[in-house]
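Only one chain is given next, in structure tokens, and it is the form predicted on its own.
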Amino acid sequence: MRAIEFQKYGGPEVLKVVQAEPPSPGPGQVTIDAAYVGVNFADLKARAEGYRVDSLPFRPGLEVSGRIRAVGHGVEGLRPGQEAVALVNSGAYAEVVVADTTTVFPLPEGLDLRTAAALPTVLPTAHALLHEVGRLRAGESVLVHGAAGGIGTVAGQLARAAGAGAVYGVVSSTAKAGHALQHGYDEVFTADTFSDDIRRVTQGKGVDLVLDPVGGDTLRRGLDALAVFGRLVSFGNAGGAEPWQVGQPELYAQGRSVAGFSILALAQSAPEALRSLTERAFRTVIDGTVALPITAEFPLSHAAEAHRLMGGRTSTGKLLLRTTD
């Protein structure tokens, strides 16, 4: 089978096509003949910085859709030939992918394999940020960073469906604003001015909920943009800044709070909670509440091109790899 690996850290050019023996499933696992693979920013960080990489060579990829090839010992409810979608810890950039059954989902009726590959990281994350962690209530205002990306386009739609009073987005450039405005946002600001813009549009009140994947100074400015009793949910550190601490001076005076979320960490620590979350989130696509725009698709062998597009910060929506050329 073909797979994409890197043997050293660097730019997209370090991604290489390799030939490998198809893996076999262990106990509690299945193998999947991949049809589509999702591309995530975490894949780029793994390639460039070693994020979540234990050793080299390394095969990136967190989400895959296709047909189950084989099942391991003790697996129930899944069978060879069944269409499925899975969240994996790594290794999805391949024609055959191993997945633990705790994060394998039979393809829900009404979903195709192409759409399904875009969902395992994006949809449950957006759902958790707004509801399970952010505890959004009808009428509240929301500010979402990365509003034109995969999670951002879903979060805007989910916030609107939940009855948010105002949904604001932040993008890295004005060229992305139009895309975000098509997916639930009332107004979209750029990263350099968002905190001033929020104070202006809310008449100084601030927003009730901020969703931040950037970290660093962006997170600090987001905290300042919160209303009284506002909540901020951190779900990444895309900016690469050093970790920071927040404490009594920033939180006590106006009853603000900070929380965090990582779907990959939840998969490791509480797989049953992840499974319940994912099943709830998937229903929002099946019932038409959410449409996830797949804006670019590449053959598996062209994974480096997908990384260049995402790394250039010009992409919107969701990027996929397909195993057929």
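Numbers for residues come from their place in the sequence shown, where the first is 1. Note that this is a predicted model, so its numbers are computed, not measured.
Absent from the display: the form predicted in complex with a small molecule. The rest refers to it.
Using a 4.5 angstroms heavy atom cutoff to the small molecule in the predicted bound form, all of Val122, Val214 and Phe235 count as contacting. Think of it this way: in the predicted bound form, the small molecule has a heavy atom of just one of Gln82, Ser172, Thr115, Asn89 within 4.5 Å, and the residue is Ser172. Residue-level contacts in the predicted bound form: of Val142, Ile198, Ile151, Val97, one residue has a heavy atom within 4.5 Å of the small molecule, and it is Ile151. With the small molecule left out of view, the stretch that reaches within 4.5 Å of it through heavy atoms in the predicted bound form is, among 52-60, 255-263, 276-284, 25-33, 255-263.
Using a 4.5 angstroms limit between non-hydrogen atoms, Pro12 is distant from the small molecule in the predicted bound form.
By the criterion of a heavy atom within 4.5 Å, Phe298 is excluded from the residues contacting the small molecule in the predicted bound form. Looking at Gly239, you'd find a heavy atom of it within 4.5 angstroms of the small molecule in the predicted bound form. A residue is said to contact a partner when one of its heavy atoms sits within 4.5 Å of a partner heavy atom; Arg231 fails this definition for the small molecule in the predicted bound form, lying far away.
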